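Just one chain is shown here, as structure tokens, and it is the form predicted on its own.
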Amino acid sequence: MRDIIKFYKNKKILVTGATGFKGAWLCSLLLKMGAKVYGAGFTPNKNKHLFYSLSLNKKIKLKLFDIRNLDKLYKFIKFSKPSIIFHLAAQPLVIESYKKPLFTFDVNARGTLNILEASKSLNYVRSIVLITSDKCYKNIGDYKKKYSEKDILGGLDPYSASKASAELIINSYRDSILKNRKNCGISSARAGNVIGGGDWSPNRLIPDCIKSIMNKSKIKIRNPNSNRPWQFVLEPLKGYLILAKKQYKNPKRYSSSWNFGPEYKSKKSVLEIVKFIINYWGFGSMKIQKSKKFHEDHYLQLDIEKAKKYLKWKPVYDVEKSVHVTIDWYHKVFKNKENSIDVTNDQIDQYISDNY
């Protein structure tokens, strides 16, 4: 982490989706490293509470606008002159994508397209990391399968398909329109089921568990035997930072797609995660309430060997540790009434220490 911190100090960084859950954590991490952070956010973002509770609106230069507005995006990039762009702005929810498919495709595909279009002629932009999803792969339903960057893109639900669409846009711009931009690295980063304090997205396991426990109601779980690549939020963010640094210095070698997830051996089912949360919190109960309204894949694991080999990135927290740190954040902030800024910064400091 020493080399990463040294690299990002005083760098101008643009984070789209800054007011979202992962965006707020990324901004906080970059500020710890001494970067000059610019953020693009969206006012209706349901997770913006974390961003403002961390007072990030006072610590970064923030502009609120719709990422689909190419003109506003281009003007903000011209204003901020970032050397690195992390594109996180998205409609991030599978169930929401069924309710708003047009919006989901528009934001996730056109937002990605706009970043590339707005940046294509700006030579000070040296590295672009576009965050898609582990769900961009065509899921064949095999619980033993680990999806690698060479696997076929696809997606049955609108969210997954929108992320696969974004991947195709990235590939097209990188390999054709921006092929002659020798000084700019362009990559997609695929991660999913990211957990951490401050996430209040609906229909996500841990936020739903915390809400139910705090309301003293039963936790409703849809697919108890499903497994997901649960990972603490700082794990993929570390991967994004390493990737952006590598392709900044050597764009030809590192511009491609990259998986970031937990080790395969540390996978856990939904039921195991819920039991762990109840045990940690000290009380709570659950009931299985299967939903037949929406399709959700039951098995999904990533092959992370490429990132481990070429980026020298690897996860340092297993699933239990990731859940423990996440629940600890909610416990301290909402049960013990500790300051969310202090708790978040303490977890960042501890994670950095664990990576030395």
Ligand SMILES: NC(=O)c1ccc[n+]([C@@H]2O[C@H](COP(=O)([O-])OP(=O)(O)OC[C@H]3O[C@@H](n4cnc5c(N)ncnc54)[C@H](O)[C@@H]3O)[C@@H](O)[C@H]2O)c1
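Start at 1 with the first residue shown and count on from there. Bear in mind the structure is a predicted one, so any value in this text is a computation, not a measurement.
Unshown form predicted in complex with the ligand; subsequent notes refer to it.
Although the partner is absent here, residue 262 is not a contact residue: none of its heavy atoms lies within 4.5 angstroms of the ligand in the model of the complex.
For residue 304, no non-hydrogen atom is located within 4.5 Å of the ligand in the model of the complex, even though that partner is not displayed. At a distance threshold of 4.5 angstroms between non-hydrogen atoms, residue 85 is out of contact with the ligand in the model of the complex. Contact check for residue 235: every heavy atom lies farther than 4.5 Å from the ligand in the model of the complex. Proximity to the ligand in the model of the complex, defined as a heavy atom within 4.5 Å, singles out one entry of 197, 239, 185, 192, which is 192. Residues with any non-hydrogen atom within 4.5 angstroms of the ligand in the model of the complex fall in just one of 52 to 60, 306 to 314, 322 to 330, 66 to 74: 66 to 74.
Residues 88, 89, 90, 92 are the members of 72 to 95 with a non-hydrogen atom no more than 4.5 angstroms from the ligand in the model of the complex.
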